[in-house]
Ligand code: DGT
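There is one chain below, alone, in structure tokens, taken in the form predicted on its own.
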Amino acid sequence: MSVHNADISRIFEEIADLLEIGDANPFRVRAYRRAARVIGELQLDVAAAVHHGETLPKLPGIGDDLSGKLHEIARTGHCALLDRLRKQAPATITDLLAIPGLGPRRVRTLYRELDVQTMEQLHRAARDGRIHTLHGFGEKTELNVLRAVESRLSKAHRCKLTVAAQYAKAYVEYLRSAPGIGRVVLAGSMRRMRDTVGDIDILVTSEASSDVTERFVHYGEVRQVLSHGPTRASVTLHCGLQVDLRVVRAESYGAALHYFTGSRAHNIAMRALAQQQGLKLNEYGVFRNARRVAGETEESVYAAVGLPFIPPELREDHGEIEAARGGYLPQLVRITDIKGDLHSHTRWSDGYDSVEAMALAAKARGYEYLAITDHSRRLTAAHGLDPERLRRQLDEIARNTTPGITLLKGIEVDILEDGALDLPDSVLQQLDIVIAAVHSRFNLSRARQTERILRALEHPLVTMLAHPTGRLIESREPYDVDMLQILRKASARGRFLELNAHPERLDLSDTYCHMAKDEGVLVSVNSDAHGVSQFDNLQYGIGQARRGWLARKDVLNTRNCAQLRALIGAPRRRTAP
């Protein structure tokens, strides 16, 4: 069975959870959490490198002990330490950590005081009013837990796009190596770049003699075969993801790819449009009576009903068909349009690499500029910069002589509860870019949270609002804000909003990206890279931007360096005190 980076990261994270629940040394807990984060965000396939005898690069925070466990997991898929820890705690107790607000300490209290071990037991304890009596909880916490558990129990499990991609790409490569295989492509919500994925859809064209479904169900990571026929099959992997396979003839490839890409609402609208023209559209082609008139390519499917090709990211029945008919579909932004990255971190705060290493990596990707934006002092967990340390970093940036790239001096400054900024104006005035961010008090009321952000956007030295809703996919809901007010304030003050491409965030949502476009607010698609490999996050941010209908002109960092400087400097000149 293959071992993916997501598997290694998940094992390290579970070790950290069980250690903390068991009241282990906090430094040891943090070491495993850091290792989980580093491996989870690493682009290098660790297990493949170990399997081929390659020497792994020096990974931040991973010493000899953790490196040994990393190799153990990469070779076997298991960790002896985790097995021992699991025997000391109920098997399901770490599931409770998925509930917002329940960290390991609170889970430990629930287990010791109320013998809560499962999600169902947690639901009953909250419903019966037994949680708010515990030290460190309270009635509001109990109500939030009840709502979160009910929401989670009612939803089908979905997986983050980037995690699903690791399993999907490996499966696709496995299928491509079989004889008689033509095309092997991913469809469904992965192709539409949804931020979470319910299952993986794979489409294959194959010769009639090729038994591709037999190969599919005998993949090494298959836990259970749900169905198996000559042209379709469905399995569940050991990681819990369901994978569905469909095999079609080459002449039906375009129609099948359109059908299995979805969304369901888009497909229904397309079939209705075809019916209005006396056509039948299904996964085998477009037909007029019994005669096939299109279906070999997706372009032919759309052309048959009088439409230009609609990019997969737009296929949600959110007006894309009307836009295509009216000739105003946007030419969506592409990753090759990006000229630089305006949000990155270094070792000065919670990053893994030096200023120079980040500059070289950005240059290698063809960027014209890179903004160094480490955290400000309030974020102590990230070793944020106070004014003196920031001045020293600015000196280092000024001394950097990496040719062919411009380093912009910046900061990711905390927005305090009252909307003030975490650093004084005398320091912020020295910077090229000031990214304001909410990192605390996520539970403020809608009115107070909105006012807090509006006040920050009024500040004459603020350039951009970072990860504007504060969500962490599958672990923290977005805080409640009036996004229309925020966008209109940004428009009035010449501020920009970030689309944070970090796979845990993908914030702005596609809906808010579309709103920003409508309000004339430029969006900056930033990697939020904490190390050189994380510039690759940008591909997911671009997918989200495309889902939000953003064209090249709607994205701030598609401008060259001179154009960018003019844009980010103009609001300061116009609103300077």
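Everything numeric here is computed off the predicted structure, so don't read it as measured data. Each residue number is its position in the shown sequence, starting from 1.
There is another form of the same protein, the form predicted in complex with 2'-deoxyguanosine-5'-triphosphate (DGT); it is not shown, and what comes next is about it.
Only one listed stretch (305 to 313, 395 to 403, 194 to 202, 409 to 417) carries heavy atoms within 4.5 Å of 2'-deoxyguanosine-5'-triphosphate (DGT) in the model of the complex, and that stretch is 194 to 202.
With a 4.5 Å cutoff on heavy atoms, Arg264 counts as touching 2'-deoxyguanosine-5'-triphosphate (DGT) in the model of the complex.
Mapping the unseen interface onto this chain, Arg158 counts among the residues with a heavy atom inside 4.5 Å of 2'-deoxyguanosine-5'-triphosphate (DGT) in the model of the complex.
By the criterion of a heavy atom within 4.5 Å, Ser189 is counted among the residues contacting 2'-deoxyguanosine-5'-triphosphate (DGT) in the model of the complex. Put simply, Lys169 is far from 2'-deoxyguanosine-5'-triphosphate (DGT) in the model of the complex: not one heavy atom of it is within 4.5 Å. Of the listed positions (Ala323, Ile268, Ala98, Leu360), a single one reaches within 4.5 angstroms of 2'-deoxyguanosine-5'-triphosphate (DGT) by any non-hydrogen atom in the model of the complex, namely Ile268. This chain appears without its partner; in the model of the complex, the one residue of Tyr352, Phe137, Tyr259, Phe287 with a heavy atom within 4.5 Å of 2'-deoxyguanosine-5'-triphosphate (DGT) is Tyr259.
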